[in-house]
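Each of two forms of one protein chain follows alone as structure tokens, named structure 1 and structure 2.
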Structure 1
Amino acid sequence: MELVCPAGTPASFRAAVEAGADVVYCGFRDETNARNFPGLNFSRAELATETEFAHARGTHVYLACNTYPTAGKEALWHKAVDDAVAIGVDAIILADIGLLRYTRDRHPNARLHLSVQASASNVEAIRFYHREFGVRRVVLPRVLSLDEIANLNRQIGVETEVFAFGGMCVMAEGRCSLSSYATGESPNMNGVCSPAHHVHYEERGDATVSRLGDFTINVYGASETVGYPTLCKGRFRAMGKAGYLFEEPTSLDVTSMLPELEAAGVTALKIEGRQRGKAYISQVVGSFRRALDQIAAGHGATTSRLSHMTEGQSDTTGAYRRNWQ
């Protein structure tokens, strides 16, 4: 299986290549990609330089242009696609129908991948994107179980890529307005979820309160580790009980199920984390490289050694196991 790794900076990009990434994916420095954070992402010149660096080492580059273009401002997204093609990236990751059509018409030879943000969760939806826009690979939404993924792969003529490690959306991606409900900014429109400039921490006696916009997302006791207030990983009160209603502060890690994913027909594994630093990228990519090499050599699955890298030091296989639902 192909190992697809994130980069938010040129330093992380090189760390990913050197740690054994088959592919590095990244975005331009604006709202055309779903990790539009300050100080992250690539200028045109940087992407050109890093693409040359990667190609010289046999590593591929994918450009994520996977937010939904704003009405009246589509030219910004069109330019991103045109520039990515000119730079010579190996695939473009898209979610929006209008942008898929633009790219198909203007750049018929470009390899198109369907972003997880398009939320293509079933055989008819995937066939639609393949038939209409020649999409060659679909990044599957993190709502599907392993059995459902295997079943899909038996029916569709396109490659599938699944999330293997990192932050985990518990909602169907590309269909979530929780962030803009609380802050006015969303993944679909602005490329951000629970953005940092809407985050506040308050001390209340021994407790620390994390807030997003006007809403308290968590209250931590003195003995608890304070986490980032990602909206769906907060603690709320429902039916008279307080708790992690949507999901615990946890990260996805599929290291233990790599052979099953391969048997399910998955083509590529995606590491999440374009916002992560160089050291994180080196460790996570290196760990998955070793695990994949071990499987390729016929040694079977390994256990993960990445628990210290996960949110809340806890990991999950998420929706891949049906009991998660």
Structure 2
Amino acid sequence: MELVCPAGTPASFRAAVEAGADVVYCGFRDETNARNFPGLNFSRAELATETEFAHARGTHVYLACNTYPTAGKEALWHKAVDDAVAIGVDAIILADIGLLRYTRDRHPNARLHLSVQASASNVEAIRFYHREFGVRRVVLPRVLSLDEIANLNRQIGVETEVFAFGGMCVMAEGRCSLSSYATGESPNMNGVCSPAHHVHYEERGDATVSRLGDFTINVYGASETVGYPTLCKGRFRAMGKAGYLFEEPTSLDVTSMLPELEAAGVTALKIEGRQRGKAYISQVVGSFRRALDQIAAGHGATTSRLSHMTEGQSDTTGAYRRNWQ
């Protein structure tokens, strides 16, 4: 299986390549991608330099252009596609059907992947994107079980890519409005979930309070690690008890089930985390590189050693092994 790894800066890009990534995915420094955070992403010149660096070492580059263009501002997204093709990236990751059509018509030889932001999770939806736009790979939402992924792969004519490590998303991806409700900005339209300029931390005695806009997201005790405030991972009080109502702080880690994913017909594994630093990227990518090489050598699955890199020092196989509907 192909190992697809994140990069938010040139330093983390090279860390991913040197740790054994088959592919590095990244975005331009604007709202055309779903990780539009201050200090992250690439200028055109930086992406051209890093693409040359990657190609010289046999690593591919995918450009994420996976937010939904704002009416009247489509030119920004069109230019991102045009520039990515001119730079020579190996695939463009898209979600919006208008942008898919533009790319298909303007750049018929470009390889198109469907972003998880499109939330395509059934046979007919995937066939539609393949038939109408020539999409060659679909990034599947993190809500499908292993059996459902295997069943999809038996019925569709495109490659599938699944998330392997990193943050979880409990919402229908591409359709979450929690951040927009709290701040007026969303990952779908503006490329930002919990934009940094709406984030505040306050000290209250021995506690630290994290806030997003006007909302209190969490209150941490002195011994607790303070996290970045997103509404879906907030700790709220309900019926007199404080708890994580939407999602516990935990990270996806499929190291132990790589052979099962391969048997299910999965083509590629995506590491989440373009906002992570190069040390994190190097350790996570290196660990998955060794695990995949071990399987390729016929030694079977390995045990993850990434627990110290996970949120809340807790990991899960997410929906892949869920036994509920």
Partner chain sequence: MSMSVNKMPSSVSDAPSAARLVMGPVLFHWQADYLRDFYARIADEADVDVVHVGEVVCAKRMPFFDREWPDVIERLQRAGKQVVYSTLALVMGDREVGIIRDLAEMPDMLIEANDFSAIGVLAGRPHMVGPYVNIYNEGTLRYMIERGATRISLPWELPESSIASLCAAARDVEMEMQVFGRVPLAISARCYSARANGLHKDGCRYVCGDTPDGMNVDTLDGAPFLAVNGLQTLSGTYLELSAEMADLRQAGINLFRLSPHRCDMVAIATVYRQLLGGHIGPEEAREAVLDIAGDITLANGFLHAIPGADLYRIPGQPQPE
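The term rigid core refers to the maximal set of C-alpha atoms that superpose within 1.5 Å between the two forms. If you're wondering where the values come from, they're calculated on a predicted model, not measured in any experiment. All residue numbers here follow the sequence of structure 1, with the first residue given the number 1.
Student: Decide which single structure shows the form predicted in complex with its partner chain, answering 1 or 2.
Tutor: Number 1 is right.
Student: Given a superposition on the rigid core, I'd like a yes or no on whether residue 220 shifts its C-alpha by 2 Å or more between structures 1 and 2.
Tutor: Comparing forms between structures 1 and 2, the residue 220 CA shifts at least 2 Å.
Student: Any CA movement of 2 Å or more for residue 201 between structures 1 and 2, core superposed?
Tutor: For residue 201, whose C-alpha is compared between structures 1 and 2 after core superposition, the shift is 2 Å or more.
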